[in-house]
Structure formats: C-alpha cells, structure tokens
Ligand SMILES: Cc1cc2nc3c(=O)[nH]c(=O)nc-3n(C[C@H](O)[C@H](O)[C@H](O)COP(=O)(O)O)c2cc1C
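Let's start with one chain on its own, the form predicted on its own, as structure tokens.
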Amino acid sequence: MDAKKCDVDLTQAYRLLHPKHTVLLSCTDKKGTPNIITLAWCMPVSVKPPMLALSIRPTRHSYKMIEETKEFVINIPTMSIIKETLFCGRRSGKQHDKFKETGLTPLPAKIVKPPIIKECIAHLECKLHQKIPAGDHDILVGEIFAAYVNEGVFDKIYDLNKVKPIHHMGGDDFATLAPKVIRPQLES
C-alpha cells in the first residue's frame, strides 16, 4: 500500500532526522567556571583521528566558552537524569549554575579542563579542531583525546538492558530505545 506524502514546513524539516541521541556537553570559561548544554546535534565524523561534530548557535553561552578554551566534554546521559537533561537545554549558563541547580556532579576530566558529569555513563574529552559556519549554527569539530564508560554497560555497543539512552524527538519530547538489538544477516 502506497502512503500519501505530506509536505513538512522547512523550519521543521530537521525533525524528520529525529530521534537524535542526546548528549550533555560540559565546558568552562578561562576562569574555570563550568557550564552544561544539552545537544541532540552531535555525530562522529572520523575514526582516525577520532573526531566528532556538533552544531551550536554562536549566540549560546557554551559556544563562547568553547571558543575561549578550545575544550569540551561530551557526556552521555541516560533516562535516569532526563529532567536534568531538559533543564540544561532550557536554561542559559549566563543566569544559571546548572551543576548546582540540577544537582549534577562535576568531576575532573583526565585530559581537558572542563569537568565530566558523574551521573553520565560515558565521556568523550575533546579539543576543538575546527569551526565551520552553517546558517544560524556553527559546526564545531572536536578531536577526541580520551573516551571512557561505566564498567559493565558497554562492549562495542551499549547493553540496552542496563542503559536507557536519551533520544530527542523535538521540543521537550524524548524517547529511549527498546532493549532489543537487531543484527540482520545478509546472504553472501
């Protein structure tokens, strides 16, 4: 049965690419003041060297902090901190101490100055490699210098019986994955 195709307003076209894995980016300014921003626009772009790209509006407080220090951490939250994740995406670090107000715990990173977030299950420590203007956002490419995860939840893929990753649907809506991994077998 052929489905009828419906036009989508171009201001909402990006949501056709959702759900998107949601991350918490931690950063600091030159004084060491930490901040957190919630992002759904983050993806790997290179294996050798390991790099990722994220998209942030240049008007964001965290963007300016990354510009100053050239460092950030991508922290992987789970559904256990969904309210804190939404809070960090809806409040500005200019007016809010997001660590204090959410109760999230900053811990020292291994290589970079910005802290990791204890309540997250995985961390990718990055240094800014490149900035690319892209409309009302900039693409920031970060090189990954350290990556680590909570013991027992990852063996080349997450154990979805133990981890409930957050996926952004759009607006204030989120989802998680069913604890089922499908590996199709192709004939040779």
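From 1 onward, residues are counted along the sequence shown. Source: prediction; values computed, not measured.
One more form of this protein exists, namely the form predicted in complex with the ligand; it is left out here, but the text below deals with it.
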Counting any heavy atom within 4.5 Å as contact, can you tell me which stretch out of 112 to 120, 68 to 76, 83 to 91, 99 to 107 lines the ligand in the model of the complex?
83 to 91
Answer key: of 163, 39, 139, 52, within 4.5 Å of the ligand in the model of the complex (heavy atoms) is 39
In the model of the complex, does residue 131 come within 4.5 Å of the ligand, counting heavy atoms only?
no
How about residue 144: is it within 4.5 Å of the ligand in the model of the complex, going by heavy atoms?
no
So in the model of the complex, does any heavy atom of residue 127 sit within 4.5 Å of the ligand?
no
